[in-house]
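A single chain, nothing else alongside it, follows as structure tokens in the form predicted alone.
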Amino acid sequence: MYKFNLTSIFKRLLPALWLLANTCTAADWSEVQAEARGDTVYFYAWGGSDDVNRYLRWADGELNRRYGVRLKHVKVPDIAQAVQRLQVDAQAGRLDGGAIDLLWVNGENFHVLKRDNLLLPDVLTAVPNSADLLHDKLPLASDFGVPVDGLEVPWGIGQFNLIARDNSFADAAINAAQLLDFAKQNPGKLSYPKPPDFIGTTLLKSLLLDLTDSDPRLYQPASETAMAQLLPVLWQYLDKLHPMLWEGGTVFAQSSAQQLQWLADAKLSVAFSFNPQELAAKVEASRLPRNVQQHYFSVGAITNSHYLAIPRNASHSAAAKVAINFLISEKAQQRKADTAYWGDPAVVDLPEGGTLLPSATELHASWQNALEQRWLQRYQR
């Protein structure tokens, strides 16, 4: 007979119950909307996806029509650049009037922002639609092993997966050894984005999980001892893999968008994605051939949420809250989840929210920088 684990159930429900008790009142929200009207939100976000860029242009139009708020997408190749700008502002004592109103952030970048006290507090409970977030079903309260503590608001779900031309792999689930075998049998038909591109770094994490049997130390802060014991197995693997990559591993794609284009152009037979619905979206838009199939690592697809956060020195924090509240609304989440537009999985309950892959927990945030820096030292000398 199945036994209910009341402690586990309570822990999963607690964030949602806390949100219901602490979300702002209607009167408070009316004041925020009134303050926001006429303002422009400068949203620093990754600009490497045409789908994302089009979606944000649509969101700008909706926000302007509904609330008199404009959303200006400031495209950056890596959100770490925006984080560095906020750090410079803080060091210079610029406590208000900042250029950045809203950030698309997670992982190591959130870890740095939280550590340096650079984010506006209590944003999660400041937006009414946060009450609809799926805290009881999705891992939204922790970002790469670091508690969110209300500093950022979940926006979507990412899962690492492979997009491969037909018959590249026999099964949906693959492992590191099978990927290496494919590279040996198909020299020049595999590559990956150059770290610190997020997709490239997540491939390194996936390989490390597989090669170390998901060592529990990967979910803890990356100590020198743990790195000395775990990373050599990854380097040994990559030393074998790289000579069989596209251009002999001497040239890497500069972005995930570029390696997907190489897949579309048949330069590659395999590309990597962090959106489990990207394959369907790009096939539907005729931007990938119909003979592609989705695969994931047998240890599980590394899964995490991506978030929206407001810098502590934002010039238009009220308008940023209005933007966040709209972006997590059912209307905006449904369009974002639709593969005809973006195909990014929703963080609220939708009639057609899509399905997720078997998941693996994201590594602790400290492993991100450790992997990137050591990869660059070893392979980009």
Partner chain sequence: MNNSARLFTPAAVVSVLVLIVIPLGVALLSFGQQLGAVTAAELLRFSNAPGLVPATVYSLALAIVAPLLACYMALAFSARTSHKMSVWLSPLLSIPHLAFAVGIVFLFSPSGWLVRALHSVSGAFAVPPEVALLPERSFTTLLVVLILKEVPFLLLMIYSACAQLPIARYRQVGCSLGYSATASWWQLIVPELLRRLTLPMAAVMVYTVSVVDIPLLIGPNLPGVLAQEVLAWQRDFAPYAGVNALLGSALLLGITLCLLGLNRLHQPLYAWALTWVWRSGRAMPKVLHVLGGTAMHVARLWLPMMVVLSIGVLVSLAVWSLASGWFYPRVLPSAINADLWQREWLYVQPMIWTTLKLAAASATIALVAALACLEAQHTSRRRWPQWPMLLALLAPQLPLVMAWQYGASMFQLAPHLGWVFWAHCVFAFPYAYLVVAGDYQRYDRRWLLVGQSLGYSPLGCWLRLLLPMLRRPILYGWVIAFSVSVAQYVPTQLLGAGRVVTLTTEAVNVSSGGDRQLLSFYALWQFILPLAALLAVALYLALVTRRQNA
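Residue numbers count along the first chain shown, from 1. Here the structure is a predicted model, which means the values were calculated and not measured.
What follows is about the form predicted together with its partner chain, which we do not show.
Colleague: Go through 121-129, 224-232, 261-269, 175-183 and give me the stretch that gets within 4.5 Å of its partner chain in the predicted complex, heavy atoms only.
Modeller: This holds for exactly one stretch, 261-269.
Colleague: Going by a heavy atom distance of 4.5 Å, is Q87 a contact of its partner chain in the predicted complex?
Modeller: Contact check for Q87: yes, within 4.5 Å of its partner chain in the predicted complex.
Colleague: Please check if G300 has a heavy atom lying within 4.5 Å of any heavy atom of its partner chain in the predicted complex.
Modeller: So G300 does not count as contacting its partner chain.
Colleague: Though only this chain appears here, would P147 touch its partner chain in the predicted complex if you measure heavy atom gaps against 4.5 Å?
Modeller: Output for P147 is no: heavy atoms all beyond 4.5 Å of its partner chain.
Colleague: Would you check, heavy atoms only and a 4.5 Å threshold, whether S359 touches its partner chain in the predicted complex?
Modeller: Contact with its partner chain, no.
Colleague: Any chance D50, A99 and A257 all have a heavy atom within 4.5 Å of its partner chain in the predicted complex?
Modeller: Yes: each residue has a heavy atom within 4.5 Å of the partner.
Colleague: Taking 4.5 Å between heavy atoms as the contact cutoff, choose which of N109, N275, T202, N304 touches its partner chain in the predicted complex.
Modeller: In short, N109.
Colleague: What is the one choice in A141, A281, L288, L208 with a heavy atom within 4.5 Å of its partner chain in the predicted complex?
Modeller: Flagged contact: L288.
Colleague: Can you list, in sequence order, the residues from 246-264 that come within 4.5 Å of its partner chain in the predicted complex, counting heavy atoms only?
Modeller: Counting only heavy atoms within 4.5 Å of its partner chain in the predicted complex, the contacting residues of 246-264 are W246, E247, G249, T250, V251, F252, A253, Q254, A257, Q258, Q261, W262, A264.
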